[in-house]
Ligand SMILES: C[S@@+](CC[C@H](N)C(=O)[O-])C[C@H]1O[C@@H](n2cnc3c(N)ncnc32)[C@H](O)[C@@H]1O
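Next comes just one chain, in C-alpha cells: the form predicted on its own.
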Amino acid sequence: MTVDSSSDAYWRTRGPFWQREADLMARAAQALNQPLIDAANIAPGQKVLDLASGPGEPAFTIAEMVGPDGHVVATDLVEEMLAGTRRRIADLGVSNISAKIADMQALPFEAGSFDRVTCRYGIMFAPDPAMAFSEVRRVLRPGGQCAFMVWGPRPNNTMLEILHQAIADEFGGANQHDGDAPFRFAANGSMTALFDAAGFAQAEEREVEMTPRVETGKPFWEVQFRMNVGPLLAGHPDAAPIEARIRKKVEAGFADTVVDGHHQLSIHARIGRGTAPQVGG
C-alpha cells in the first residue's frame, strides 16, 4: 500500500482527522514548540510565517509571543489541513493570526515580507526541498531568521517507531510511515547544505532529545493512533477488524517500554536554523 505523502490528495485525506484532534494536539505540543520558538528568536512585534501549520501549532503559541503589534500567517497546502486553524481562530477570537493556503515551494508572498519563518515537522514533505528553502529565503527580510523542526532517526522516536511497525505489519509493505520523506533530514548536516545552497548567510543545526516517562494506563498514544490509522482505513470495508489488529500490536509495542510502572519513551528531533544575509552582506 504505497501513499505519496507529497500529494495534495494525501493531505486532504488526513485533514479531517487532524482537525478533530486540533485541541488535544495543541495541549500536547508545547514541549516541542519551545525549542523551535527559541531557535527562531521570536519576539514581540514580529511578522511571522508558519509553514505546514495543520491545526495551528506552533502558530497560535507564536501569536501570543509576537503580541498585538505582530502578526502570524499560518499556512498549509490544502484547505482540509487548515480547517482546524480557522476554527480555532474564530473560537479563540485571535486577531493577530490569519490562515492562508500556500505551497511552500511557491509562496504567495512578496520578497522580504517576514521577520521570521517557522515550520514544525513539515519541510521534509516538500517534493523539492531545495525549492522550499529558496522560497523561505526569498520571503525573509534581510537579517531575518527561519527555524525548521524535523524528525531525527525513526528508531529514536518511540511513538513513530511503534505505530510504523504495527501499520507495516498489517499492510505488508510501504505506507505513509515508510519511505524517506518523514525522516529526510534525520542525518546531521542534511539541512545545512540546503541553507547554504539557498543563499543563507548563516546556518546551523541542533539536536532535541527528550526521554518522557508516562504512567501506565494513560492513553497517551491514542491521538496519534487516530491521526495515523484513521486516514488509512477511511471507507475501508474491513476497517473495524483491521483497526483492532493494529491497535493490539500498538498496545503490545508500548507494553515493551514499561519500566518501573512507567512507559519509558524517547523523542529525537532536529532543528535547522538559517539567517538571511543583510543588504550588501
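Don't overthink the numbering: it's just position in the shown sequence, from 1. This one's a predicted model, so the numbers in the text were calculated from it and none came from an experiment.
Omitted here: the form predicted together with the named molecule. The next part is about that form.
*Asks:* In the model of the complex, do G54, E57 and R120 all reach within 4.5 Å of the named molecule through at least one heavy atom apiece?
*Replies:* Judged in the model of the complex, G54, E57 and R120 all sit within 4.5 Å of the named molecule.
*Asks:* Select, from the options 199-207, 160-168, 104-112, 134-142, the stretch whose residues sit within 4.5 angstroms of the named molecule in the model of the complex by heavy atom distance.
*Replies:* Partner-contacting stretch among the options: 104-112.
*Asks:* Looking at the partner-bound form in the model of the complex, is A83 within 4.5 Å of the named molecule by any heavy atom?
*Replies:* Output for A83 is no: heavy atoms all beyond 4.5 Å of the named molecule.
*Asks:* Within a 4.5 Å heavy atom cut-off, is I97 in contact with the named molecule in the model of the complex?
*Replies:* So I97 does not count as contacting the named molecule.
*Asks:* Please tell me whether any heavy atom belonging to F125 falls inside 4.5 Å of a heavy atom of the named molecule, as the geometry stands in the model of the complex.
*Replies:* Contact check for F125: yes, within 4.5 Å of the named molecule in the model of the complex.
*Asks:* Indicate whether the named molecule has at least one heavy atom within 4.5 Å of a heavy atom of V78 in the model of the complex.
*Replies:* V78: yes, in contact with the named molecule in the model of the complex.
*Asks:* Does anything in 138-166 come within 4.5 Å of the named molecule in the model of the complex by heavy atoms, and if so which residues, in order?
*Replies:* Stretch hits: a single one, W151.
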